[in-house]
Structure formats: structure tokens, C-alpha cells
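Next up: a single chain in C-alpha cells, the form predicted on its own.
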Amino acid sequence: MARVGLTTERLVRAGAELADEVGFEQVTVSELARRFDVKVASLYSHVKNSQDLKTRIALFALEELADRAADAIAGRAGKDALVAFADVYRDYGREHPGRAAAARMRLDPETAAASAGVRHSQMTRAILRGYDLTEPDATHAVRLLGSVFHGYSSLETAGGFSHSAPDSEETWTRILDALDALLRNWPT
């Protein structure tokens, strides 16, 4: 029987907060039970195990990030859309490092196909239409942008750029300028 007040949604949100505090890899059903001051068994009517909890956190993070990205790029095109989209990923990684890590979790193909990850790809492709890329170059560009956005955010969050000049903000701006130039002049 489910404990009064505990819902799957409430547990997933608390798991996402926990991921931001201690790191996504450290999230377990046991740690979440401690947060709610309940026995681990109380949570098993809501989540199957720690892997199920992590999958749900990943889906939550993908949805949250997709909503932010959609709002940011609405009405924008070209470089403006690219910068707005990129900034959402970077800001999300800084604000929610555990959730950002969760959004990169490998999902099984069926779960991935039903996730907001599809929206991320669609938005990226919509931005790339402004650069007139066709297949397979559009797919290569989607992968490039994802790698840059997630990679930069991960390194910056881990302190990888805090030890030297120039400031990481300046570097980020230059990277986005370079990406825009590359996309406008994609090699054939």
C-alpha cells in the first residue's frame, strides 16, 4: 500500500533535487527514502528500483529542458535561435548539474522514442533548417551541437575553465560565433 503523501511525481522531483545536490550517479531509492524518513519498501509501490528512479529522473529532466528550450527559441531563427538554444543547455547545466547528467542517460530505444529527447532533436533540426543543411549533414550537425553544448556545460560545471583566462563567458560567445560560421559554411 502506498504511503499517504508519497506519489511517483513527488519522488521523481525529489530525486531530481537530490541529483543536483549529490550527483546523478549517487541517487538511489535508499537515499531518497532517507530524505522522506520512510523505509525503502515504502517507495517500491512508486518505483521499481534505483534504475527505474534514475530513468524517471532522466525523463523528467528531458521534459523540463525541452520546455525551456522551446520557450527560448520561439519566434527566433538563425544565429538568434542557435544562441538561445545553446544558452538553455548551458544554463540548465549550471542550475541543475544532476538533472543535466540525467538528461544524458542512455535510455532503451522504446523509452527514448517516447521521451522528450525527440523534441530536442526536432528543435535542433528546426534551427538547422535556417542553415540549409540536408541529410546526412543535418544529422552530423545535430550531433556536433549536442556534443558542444553538453560537453562545454559539463566541463564548465566541473570547474574545467575556472583556472585560466579568458573568462568562460567570452569563450562561450566565441564558440557560438564559430558554430554559426561553421553552419553557414558547412563543408561539402
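Residue numbers run from 1 along the displayed sequence. Note that the coordinates shown come from a computational prediction; the quantities given were computed from them, not determined experimentally.
Only in words, not in the display: the form predicted in complex with another copy of the chain, which the text now covers.
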Can all three of 49, 60 and 70 be found with a heavy atom no more than 4.5 Å from another copy of the chain in the predicted complex?
no
Counting only non-hydrogen atoms, choose the one of 148 to 156, 62 to 70, 40 to 48, 27 to 35 that falls within 4.5 Å of another copy of the chain in the predicted complex.
148 to 156
Residue 182: heavy atom within 4.5 Å of another copy of the chain in the predicted complex?
yes
In the predicted complex, is there a heavy atom of another copy of the chain that lies within 4.5 Å of any heavy atom of residue 144, even though the partner is absent here?
yes
Indicate whether residue 187 is a 4.5 Å heavy atom neighbour of another copy of the chain in the predicted complex.
yes
Given that another copy of the chain is not shown alongside this chain, does residue 139 nevertheless sit within 4.5 Å of it in the predicted complex, heavy atom to heavy atom?
yes
Just to make sure I understand: among 147 to 179, which residues lie within 4.5 Å of another copy of the chain in the predicted complex, judging by heavy atoms?
147, 148, 150, 151, 152, 154, 155, 157, 158, 161, 164, 165, 166, 167, 168, 170, 171, 174, 175, 177, 178
